[in-house]
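Only one chain comes next, encoded as structure tokens, the form predicted on its own.
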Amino acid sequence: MTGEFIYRFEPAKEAGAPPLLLLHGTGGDENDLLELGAMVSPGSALLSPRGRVLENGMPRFFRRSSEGVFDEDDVRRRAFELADFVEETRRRHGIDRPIALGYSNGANIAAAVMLLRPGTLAGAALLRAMAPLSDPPHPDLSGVPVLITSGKADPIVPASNSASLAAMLREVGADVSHQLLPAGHQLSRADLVLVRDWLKRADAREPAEER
């Protein structure tokens, strides 16, 4: 446990592969996305923390008052905690800035970290994400690669909300690809293929001196 996060770390299997920060959805844990991470980027180091907030016994990365209604003060506090954890574990394990791969609640906290602590992440794949803050800061995210995948039939994340997140990130300079898929809230094979292909492009255009 580092920085009071329980986490799993899998060392890189291939030199130069981008490390991934794996962030689970509500009710998940540090094991949930390890297989997905290995599938989309087989050589990457994998850093996978467990959310520290419990909602009816289910781990999350921040509090909410109801589905889709976030405790934004807690979002901000937890985003800084997670950013501190990433920086500490980077030093401990000797890895570059990671690209976040987050699902649902994990995608939302990844977006919050990008907005509140720019420079912590090299990019982010945000799967079934919502805008985490109603009044976000305006950091300089020029050229930071971001993939957002949304489900057309998602009963939890309205398409308008994920589109607002994409616009929010573009406004501060991020290089955003927003893909709307014929899916619900659960991930599909199409998500896997999109993330895998996007990661190859994102890693290729990240300047080495910024890693």
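Nothing here was measured: the structure is a model prediction, and the numbers come from that model. The first residue of the sequence shown is number 1, and the count goes up from there.
If you look for the form predicted in complex with a small molecule, you will not find it shown, but the lines that follow are about it.
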property	result
The unique member of M39, A159, A167, I156 whose heavy atoms fall within 4.5 Å of the small molecule in the predicted complex	I156
Contact label in the predicted complex: S104 to the small molecule, heavy atom within 4.5 Å	yes
Q179: touches the small molecule in the predicted complex, heavy atom cutoff 4.5 angstroms	no
Proximity of A83 to the small molecule in the predicted complex, heavy atoms at 4.5 Å	no
Proximity of R64 to the small molecule in the predicted complex, heavy atoms at 4.5 Å	yes
Contact segment among 42-50, 55-63, 167-175, 29-37, judged by heavy atoms lying within 4.5 Å of the small molecule in the predicted complex	55-63
